[in-house]
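Quick heads-up: it's one chain on its own, the form predicted on its own, in structure tokens.
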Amino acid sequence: MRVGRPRDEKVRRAILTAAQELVLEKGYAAVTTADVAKRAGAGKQTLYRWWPGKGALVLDAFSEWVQQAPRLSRRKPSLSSTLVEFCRGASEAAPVLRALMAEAQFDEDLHRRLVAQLVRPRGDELRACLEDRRPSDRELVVNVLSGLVWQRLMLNEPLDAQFVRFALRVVERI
């Protein structure tokens, strides 16, 4: 149960928007919580009352961005279309994702949040396309695709149509 004043949704949105904009403009490493607070018109103490640090704040900003991204409106999207969307979103946020992944190696709380807010939901989206496979094969495909995407992200290699075709050929053999 939260103690103290409830979050003001307008302030929260302003902070998340400021964090996203600044990180895209300046890069993760160059942005401080003071920069975010100033752009959002909020006090730095407000940020620290709601988020334990910059990593958690930026992760929340980009998690919301991912959740608000347009999705294909099909009952059961294909693996191909889901992977294309996954790669498009990851490409747009690649520098931020790389920075969050790097920081999560040294911050257990950020690591847990990254898995819960970005990694697991993307895996769930892939799993939903694989209901016709045995559960063990489904997990293998999700892990292979996730691994391929994260490897490309970390190496700053394109997540383009050629990559999607390659990844789909790989999982056809599973």
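The first residue of the sequence shown is number 1, and the count goes up from there. Keep in mind it's a predicted model, so treat the numbers as computed, not measured.
One more form of this protein exists, namely the form predicted together with another copy of the chain; it is left out here, but the text below deals with it.
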For this session: Look up in the predicted bound form whether K38 has a non-hydrogen atom within 4.5 angstroms of another copy of the chain, and give yes or no.
Result: no
Exercise. Though only this chain appears here, would S63 touch another copy of the chain in the predicted bound form if you measure heavy atom gaps against 4.5 Å?
Worked result: no
Exercise. Can you check whether A128 is within 4.5 Å of another copy of the chain in the predicted bound form, heavy atom basis?
Worked result: no
Exercise. For A29, is any heavy atom within 4.5 Å of another copy of the chain in the predicted bound form, or not?
Worked result: yes
For this session: Give a yes or no on whether every one of K44, A56 and L110 sits within 4.5 angstroms of another copy of the chain in the predicted bound form by heavy atom.
Result: no
For this session: For the stretch 153-174, return the residues whose heavy atoms include at least one within 4.5 Å of another copy of the chain in the predicted bound form, in the order they occur.
Result: L153, M154, L155, N156, F166, R169, V170, R173, I174
